[in-house]
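Just one chain is shown here, as structure tokens, and it is the form predicted alone.
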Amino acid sequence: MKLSVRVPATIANLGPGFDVFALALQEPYETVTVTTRPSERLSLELISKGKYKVPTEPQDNTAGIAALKYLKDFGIAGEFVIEIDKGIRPGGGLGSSAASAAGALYALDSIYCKVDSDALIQYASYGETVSSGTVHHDNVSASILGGLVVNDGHQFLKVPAGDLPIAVATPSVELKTSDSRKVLGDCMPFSEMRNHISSSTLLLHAFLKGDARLIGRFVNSDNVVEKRRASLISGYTEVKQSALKRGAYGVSISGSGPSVFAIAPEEMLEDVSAAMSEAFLDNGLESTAVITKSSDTGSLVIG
């Protein structure tokens, strides 16, 4: 049996929603194909294809380690081939590693129907230990469910996000999630915690209202993670200010970075995107830009 799944890129955190919020995008995306053949023993082969390459040793790949756990837990034997047509740049902050795991697990469970969506997210999230050293669910949950997903690590609430216009600029450097998490520290002052809670709550309210201007305003309200990670992205302050001056409602770091995303009126996305690319270039970095929208469609079987 052969089954292919289209999986969206995702933006995690969205400003103040650290490890809790994630948003699925229409572009970029990748395709994960799982092929199964009968066998009395379990074997797994990974094939990397597409624009970007990923490790093909199962224990070094988010899709491989997550798939093996799922298959072993349910005692499923067979020969499995997972082809990852990678269209989301690894290390770019758009949920690349999460998408691989999400696509593989979505395909497997579409075949075997063993778990509900919450448990499926848990299995796919297990693969994130390869890329970040810890399990976190934000990118994976949005890759599988689509829309804006709010999670507490056990429950996953999907909020329709509609077609929110977004520009993303990705500089030509790689920033490992594990390195980006190290700068955050283990605690925060009480005043920061209070402001952080109010900001993330108001951001969710803005999504429920479907108000792009309000969403941008509260994307800008992160006073905890952004200031600690900004120094890891050369020119980040200039990139953000340039986008805001060109009409963006809000700008922040996508996931752990180095991608930067902007919420803006659709008619101003080209200018905002150009402003971010120019600011990166002024700081010595080439970048690639994507103009996209949020997507209420998550992982989708396409063949």
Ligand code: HSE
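These figures come from a predicted structure and were not determined experimentally. Heads up: residue numbers just count along the shown sequence, starting at 1.
The next section is about a form of this same protein that is not shown, the form predicted in complex with the ligand.
**Q** Is there any non-hydrogen atom of N139 lying within 4.5 Å of the ligand in the predicted bound form?
**A** Yes, N139 sits close enough to the ligand in the predicted bound form that at least one of its heavy atoms falls within 4.5 Å.
**Q** I'd like to check something about D19: if you look in the predicted bound form, is any of its heavy atoms closer than or equal to 4.5 Å to a heavy atom of the ligand?
**A** Contact check for D19: yes, within 4.5 Å of the ligand in the predicted bound form.
**Q** Taking heavy atoms and a 4.5 Å cut-off, does T177 contact the ligand in the predicted bound form?
**A** Answer yes; at least one heavy atom of T177 falls within 4.5 Å of the ligand in the predicted bound form.
**Q** Would you classify G255 as touching the ligand in the predicted bound form, given a 4.5 Å non-hydrogen atom cut-off?
**A** G255: yes, in contact with the ligand in the predicted bound form.
**Q** From first to last in sequence, which residues of 225 to 247 have any non-hydrogen atom within 4.5 angstroms of the ligand in the predicted bound form?
**A** Contacts from 225 to 247: just R229.
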